[in-house]
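Below you'll find only one chain, the form predicted alone, shown as structure tokens.
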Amino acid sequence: MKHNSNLAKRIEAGDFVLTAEFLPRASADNSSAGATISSMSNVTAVNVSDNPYGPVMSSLAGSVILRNAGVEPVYQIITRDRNRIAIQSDLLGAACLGIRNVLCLSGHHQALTGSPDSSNVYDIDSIQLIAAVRQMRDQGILLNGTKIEGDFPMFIGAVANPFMKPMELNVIRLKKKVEAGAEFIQTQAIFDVEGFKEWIEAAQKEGITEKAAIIAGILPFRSAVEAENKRDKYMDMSIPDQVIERMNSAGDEEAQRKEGISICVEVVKEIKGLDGVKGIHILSGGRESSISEVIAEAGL
């Protein structure tokens, strides 16, 4: 099926794309989304996170708000909180509402959210979710065989952690996601550039970068404390000691915030020209105002 999302078209045209992240709030109005939109004018598409730290406004609602404001959304959907019935229902609703990009994830364990007592679901994993979306799009049927009425033109994305060890298993998992149907891959935040280079070279050798667009993630921390807390809490984040030391030595709160921006800019400059890298994904950490600052300083 021919894609009709701008993100897909730009990737297919060989453009270097820029995506960013919007973290919805625990809010029943759209004021936070409205403030976000003003900082997103230079990006191709904006991810809307799906309850990464506990209950907030739904990714679907946030995606529709952005779309109505002229910003192309990437609808994120995780398998932690829904079974396959609810997932497929939400996907059909998203397509009906004009959403054309979807990012498939498993999601952090609920113990890492503000709702540790909630139950997880994980009826299917992220690879099975990718395959389900492709089946819905390419075959026009749900997992139970029900025929879908109308088109389901989703551009399918997934997430990868370049720093998961061992590298051999890392690349095998990435390859499975692409074989299942992932057409673009957004990575976790990169602070270890040499480790990322090793990963992208391994992906190239397997032919993965020819089949899916790799969009490299960056994240501007506002302080050394935040960076240290993230590293301690989320085992999938690779944050070298020198990053935390550098932010600590920067000075006061504002100086550390600016140093976080500078670190991201340096990462962008080092990885932008690498073979196999088709774009940059700016993770906001809930501070969307920092996105425009990174874009300006990195010349994006």
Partner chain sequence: MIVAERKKIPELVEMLKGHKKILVLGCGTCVTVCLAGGEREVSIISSALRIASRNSGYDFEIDEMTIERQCDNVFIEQAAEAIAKHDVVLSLGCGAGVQAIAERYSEKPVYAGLNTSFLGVLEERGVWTEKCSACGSCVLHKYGGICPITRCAKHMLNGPCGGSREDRCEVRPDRPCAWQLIYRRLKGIGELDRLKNIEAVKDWSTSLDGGVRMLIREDHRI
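Positions refer to the first chain, counted from 1. Keep in mind that what you see is a predicted model, and the values were worked out from it rather than measured.
The same protein also has a form predicted together with its partner chain, omitted here; what follows describes it.
Taken together, the three residues 111, 168 and 237 all lie with some non-hydrogen atom within 4.5 angstroms of its partner chain in the predicted complex.
The contact residue chosen from 123, 138, 226, 201 relative to its partner chain in the predicted complex is 123, the criterion being a non-hydrogen atom within 4.5 angstroms. Within 4.5 Å of some heavy atom of its partner chain in the predicted complex lies at least one heavy atom of residue 172. In the predicted complex, residue 164 approaches its partner chain with a heavy atom inside 4.5 Å. In the predicted complex, its partner chain sits within 4.5 Å of a heavy atom belonging to residue 128.
Residue contact check for residue 143: one or more of its heavy atoms lie within 4.5 Å of its partner chain in the predicted complex. Stretch-level contact check against its partner chain in the predicted complex with heavy atoms at 4.5 Å: of 213-221, 145-153, 69-77, 174-182, the positive one is 174-182.
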